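A lone chain, given as structure tokens: the form predicted alone.
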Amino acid sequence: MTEHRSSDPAHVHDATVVVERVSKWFGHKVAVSDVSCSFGPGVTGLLGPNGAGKTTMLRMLTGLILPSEGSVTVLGSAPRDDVAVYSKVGLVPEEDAVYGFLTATEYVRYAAQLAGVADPATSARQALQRVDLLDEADRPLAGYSKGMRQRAKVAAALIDEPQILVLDEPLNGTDPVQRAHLINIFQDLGRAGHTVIVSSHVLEEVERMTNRVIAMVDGKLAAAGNVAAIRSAMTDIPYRVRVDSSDPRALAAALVTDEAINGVEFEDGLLRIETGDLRTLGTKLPVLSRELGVRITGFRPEDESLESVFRYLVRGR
């Protein structure tokens, strides 16, 4: 394993999966370009728009394809060089990679047999119950909805409790109840010390799952770390803050000429402020509050969300 680069948020000190200077091309198309990062216990979101290289990256992590340049190690070994690694990795692909003529029970039991599980039938039932599919387990997968097939794939991937779980858009097609259930499963695995890598563009759900993000755009590493840190690094766009107070009009009038303020918007009793220096604004507001006799009841950045980070990263594509 590589030594942890403490100043680089793309790397973790307890890495189980390490990506070093990895590129992958298919003919003249470059899918991934010179990406270095690592993943460790817990849940990490792998984010990016369609065509960002996420699926290609996950296929390299699981040994399905080889990098054109660079290296991928899983638990200290290259998957293609040490096939024992495969027994410790679970994969939920984005594609509907299921046999439609099989029932969910047959499909998951087959996965258990391939994994060498001691009691495939019992393990299959437990895995299906875990994803809340046991009541529908004897129906052919061809008759399942997209969300149900997703859950069947997750059950198959969890059949032998893999140390590393790789999930490519696992929430696609699931309804809100199903999504919440799967998110709880992934979080529980992360808390138990498993490495869970979730590729997704469902930003709200990723934000509920984890605060650590690896973001890719056009095959390159665009950002890494927790959402707040990534947002703080975006020095070329102002913060947008909502301020609740007893007299927003007075605050707006006092702030409109301040050099630290990019813009002030007052509408329907709400005061929104744009600033390039959030710390300075946070210092000035209490002073203004005392001078004006205005009571401030709320101060909330409106753009420290994963959605705002994502929009920033992909703007201009």
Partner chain sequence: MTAVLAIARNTTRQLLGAKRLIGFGLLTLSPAFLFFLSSRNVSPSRLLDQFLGIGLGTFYIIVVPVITLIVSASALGDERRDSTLSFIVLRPIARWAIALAKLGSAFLASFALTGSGAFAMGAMYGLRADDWGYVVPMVVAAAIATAVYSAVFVPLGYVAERSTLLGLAYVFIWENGVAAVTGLSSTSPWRIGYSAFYALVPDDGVRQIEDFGVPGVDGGISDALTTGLIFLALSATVITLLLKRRDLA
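Numbering follows the first chain given and starts at 1. Keep in mind it's a predicted model, so treat the numbers as computed, not measured.
Heads up, the form predicted together with its partner chain isn't pictured, but that's what we're talking about next.
Although the partner is absent here, residue 62 sits close enough that one of its heavy atoms falls within 4.5 Å of its partner chain in the predicted complex. Contact annotation: residue 95 falls within 4.5 Å of its partner chain in the predicted complex, judged by heavy atom distances. Though the partner is left out of this view, residue 122 does not reach within 4.5 Å of its partner chain in the predicted complex, counting heavy atoms only.
Though the partner is left out of this view, residue 114 does reach within 4.5 Å of its partner chain in the predicted complex, counting heavy atoms only. Each of 66, 86 and 107 is positioned with at least one heavy atom within 4.5 Å of its partner chain in the predicted complex. Residue heavy atoms within 4.5 Å of its partner chain in the predicted complex occur in exactly one stretch of 126 to 134, 86 to 94, 220 to 228, 179 to 187, and that stretch is 86 to 94. Heavy atoms closer than or equal to 4.5 Å to its partner chain in the predicted complex belong, across 125 to 142, to no residue whatsoever.
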